[in-house]
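Given as C-alpha cells, the chain that follows is alone and in the form predicted alone.
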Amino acid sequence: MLKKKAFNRIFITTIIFFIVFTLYSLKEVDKKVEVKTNNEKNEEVIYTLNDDDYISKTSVYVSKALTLEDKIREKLEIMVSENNKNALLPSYFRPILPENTRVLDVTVEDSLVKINFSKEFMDVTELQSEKMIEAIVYTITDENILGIEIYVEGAMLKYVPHTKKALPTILTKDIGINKTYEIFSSDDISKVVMTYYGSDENDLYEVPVTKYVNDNREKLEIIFDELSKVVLDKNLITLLEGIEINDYKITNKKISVDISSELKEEEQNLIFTSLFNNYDTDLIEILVNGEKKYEKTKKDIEN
C-alpha cells in the first residue's frame, strides 16, 4: 500500500512537472517569435553611385522597428564611404558621402526633412559634389517626403560644395539627376526625366537621367523617341526598338497612349517610370493598336 501511494505521488509530481515545463517552453517560444517579429526588415530605396559613375536606384534592408527619422539616418549612414554599413549595398554600388561624415540630426516636419551633417560632409570632391546632393534628395524624397533642407554643422547649405552653383532652400527632385544638356539655343528648352537601365551582369536596375533638350514636342513624344533611340553611352540600356505612337490623350487624372507593338515587362517599366516622373497623373494605360494591354497607377511605381 505504501509503495502504491509513493508511486502515485511520484507519478502526479512527474505529470505536474511535465505540464509546467511545457507551459514554460511555450512562453519561451512566444518570446522568440515576438523578438523575431520586431527584427523584421523593410526593403528601402537608395540612390548612390554605380560602377559607371551614375547615380542609380538600388535597395537595402532596414529594420521595420525604426522611426522615420532613424530610417532616414540609417539610409544616409549606409551611403557614407569606408563605413561598415557599406556591406548592405549591392556589390555594383558605391557610397557617395565622404568618409567620416556623421548625421548629426534628422528632423521631420510634415512633408519636410531637415538633415544636419558634420563638417566632413564638405570633404566631397568638386566632381562628385552635385551628384552627392542629387543622391541624397532622390534617396529621401518619396510620396510623403516632398522636400529637404541640408545643414552642415547647423549652417544651411546654400551652394553645391566647392562651386558657385546656388541651391534652393528646399531641395526637391526638381534639381534633376545625372543631368545632360543637348541645348543649342535658348528657345524651346524641355526638361525631361528619362529612365534607363544599368546592368551588373546579373540584374537590371534603374538609372534616371534628366535631359535638357531643344524640343517643343509634348514630353510623352520625347520620351518614346528617346527610349527608342540607340543610346551612345553603352552603360545605359533602353531595350526599346521600333515603338511608334499611334495616338495619345493626356488629362490631370489619366494618360492613355496607343502604341504600335507589345512590350516586355522591362520595357513597360521604363515607359511607366519615365511618364510618371514627368506628369502629375494618377493612372497611365498603354494600348496596342487600340486594345488596352497595360495599366499602372502612381502607387504601383512608388512601391
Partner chain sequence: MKVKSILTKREREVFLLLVKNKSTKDIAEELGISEKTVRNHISNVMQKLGVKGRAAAVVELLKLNEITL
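Since the structure is predicted, the reported quantities are computational estimates derived from the model, not experimental observations. Numbering follows the first chain given and starts at 1.
Just so it is clear, the following notes concern the form predicted together with its partner chain, a form of the same protein that is not shown.
Student: Sort through 191, 217, 114, 94 and report the residue having a heavy atom within 4.5 Å of its partner chain in the model of the complex.
Tutor: Residue within 4.5 Å of the partner: 191.
Student: Which pick from 172, 125, 144, 185 sits with a heavy atom within 4.5 Å of its partner chain in the model of the complex?
Tutor: For this set of options, the contacting one is 185.
Student: With its partner chain left out here, work out from 80 to 88, 101 to 109, 151 to 159, 195 to 203 which stretch has heavy atoms within 4.5 Å of it in the model of the complex.
Tutor: Only one stretch passes the 4.5 Å heavy-atom test: 151 to 159.
Student: Spell out, yes or no, whether the shortest heavy atom distance between residue 229 and its partner chain in the model of the complex is within 4.5 Å.
Tutor: Contact with its partner chain, no.
Student: Taking its partner chain in the model of the complex, which residues of 161 to 185 have any heavy atom within 4.5 Å of it?
Tutor: The stretch touches the partner through 164, 165, 166, 167, 181, 183, 184, 185.
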